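Take a look at this single chain, the form predicted on its own, given in structure tokens.
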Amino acid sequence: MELPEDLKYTREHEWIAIAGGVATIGITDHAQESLGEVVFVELPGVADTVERGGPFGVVESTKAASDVYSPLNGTVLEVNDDLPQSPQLINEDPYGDGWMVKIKIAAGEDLGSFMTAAEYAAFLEDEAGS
């Protein structure tokens, strides 16, 4: 399982790349493996407001449908327009072409609450042992 060191991770299995007040968000390699073959993706609209912990999209696979939760408060700047027509990109490249949204991070957001790759790996081990 791939866990890029330069990303941050959530307990809901999203990854975050933060640069210049903008967060690019997607689901982790672990999440896409757990879901199986992704067949449908629903994303928010540009300029939609998202709330930390609230759903911003849906990923459906041959196994299940799952909400995707925003790790931050902010406004959607861009969505990955390739995903509705090519949802398999999430399986093929979850940290690259499978990104989901770019959000302008709301002022005052706490960016220190996310896990590093090592912390997320330990979290996955704990979760598997439960």
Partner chain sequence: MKRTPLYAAFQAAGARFVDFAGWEMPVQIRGIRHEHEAVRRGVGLFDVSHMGEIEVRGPGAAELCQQVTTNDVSKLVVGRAIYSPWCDEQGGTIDDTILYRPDEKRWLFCVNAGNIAVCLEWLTTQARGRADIEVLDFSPETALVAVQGPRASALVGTLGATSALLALRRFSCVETLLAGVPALVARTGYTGEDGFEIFVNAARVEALWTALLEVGASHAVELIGLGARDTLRLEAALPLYGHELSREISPLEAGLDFAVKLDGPAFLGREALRRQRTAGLQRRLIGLVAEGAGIPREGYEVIAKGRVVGRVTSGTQTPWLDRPIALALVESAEVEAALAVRIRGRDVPMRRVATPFYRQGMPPGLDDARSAKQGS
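What you see is a predicted model; the values in this text were computed from it and never measured. Positions refer to the first chain, counted from 1.
One more form of this protein exists, namely the form predicted together with the partner chain; it is left out here, but the text below deals with it.
With the partner omitted here, the residue from Asp81, Glu37, Glu92, Glu51 that has a non-hydrogen atom within 4.5 angstroms of the partner chain in the predicted bound form is Glu37.
Although the partner is absent from this view, Asp97 stays clear of the partner chain in the predicted bound form, with no non-hydrogen atom inside 4.5 angstroms. Among heavy atoms of Ala64, some come within 4.5 Å of the partner chain in the predicted bound form. Although the partner is absent here, Val58 lies within 4.5 Å of the partner chain in the predicted bound form, judged by heavy atoms. Residues of 99 to 113 include none with a non-hydrogen atom no more than 4.5 angstroms from the partner chain in the predicted bound form.
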